[in-house]
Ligand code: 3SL
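We begin with a single chain expressed as structure tokens, specifically the form predicted alone.
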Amino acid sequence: MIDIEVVLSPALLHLAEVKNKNVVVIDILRATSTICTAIHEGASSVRAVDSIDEALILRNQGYVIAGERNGHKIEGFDMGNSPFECMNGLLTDKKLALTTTNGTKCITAAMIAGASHVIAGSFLNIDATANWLKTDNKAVILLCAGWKDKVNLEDSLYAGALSKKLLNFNQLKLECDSTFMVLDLYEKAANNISEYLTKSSHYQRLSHLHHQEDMEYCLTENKFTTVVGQKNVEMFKIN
């Protein structure tokens, strides 16, 4: 049985015992969806970085640099934080450095805390991720990036969806109230997640910035089977 804990905000991560567990970082709109797409589309690796300055240093080492702050592309960067910018061969065999408002900091935090693997969580490959976690059979923390340390709907919904899939495998040990919460939330929204999320603050924020196409893409299940996880400081395909 896999023991699973849901951390609804990065501000709560210090309360969890991370060491030697698999941590799935969840930033559905859009960082972890962009990371998974980049690897699926042929990027050799993705490095999540916390700061703009760190990304600029990596550009001098041959990385393509991408990032956003508050949903806006960072001025002077090669790319923003849209999965569509990763397509059409633009990143084939290239290294990508990504910095975002929420998600990339969570990847760094999980790594520093001693996670066994840090996995990029995405609806785009949710079945493959569930199967990988089942096979690896370690305790799991689902870390929701949220929005500036606040809880959000889309990351919580993904945590519920992934928990549900593990529960369907009879592989899930349930002792965490936040896991029960996200399972109940997912059951309520499962028939039409996109419609349910129209009420969410980040969905509305990105709509105002004309990222509707990104959001529809990021909420699509199982477009590919690539699982993305971190080895040292880089994220690669791990299945």
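Sequential numbering from 1, following the sequence displayed. If you're wondering where the values come from, they're calculated on a predicted model, not measured in any experiment.
If you look for the form predicted in complex with the ligand, you will not find it shown, but the lines that follow are about it.
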{"query": "Whether 29, 81 and 147 all lie within 4.5 angstroms of the ligand in the model of the complex by heavy atom", "finding": "yes"}
{"query": "Contact test in the model of the complex: residue 121 vs the ligand, heavy atoms, 4.5 Å", "finding": "no"}
{"query": "In the model of the complex, residue 102 touching the ligand (heavy atom, 4.5 Å)", "finding": "yes"}
{"query": "Contact label in the model of the complex: residue 206 to the ligand, heavy atom within 4.5 Å", "finding": "yes"}
{"query": "Interface stretch in the model of the complex with the ligand - options 158 to 166, 111 to 119, 67 to 75, 125 to 133, non-hydrogen atom within 4.5 Å", "finding": "67 to 75"}
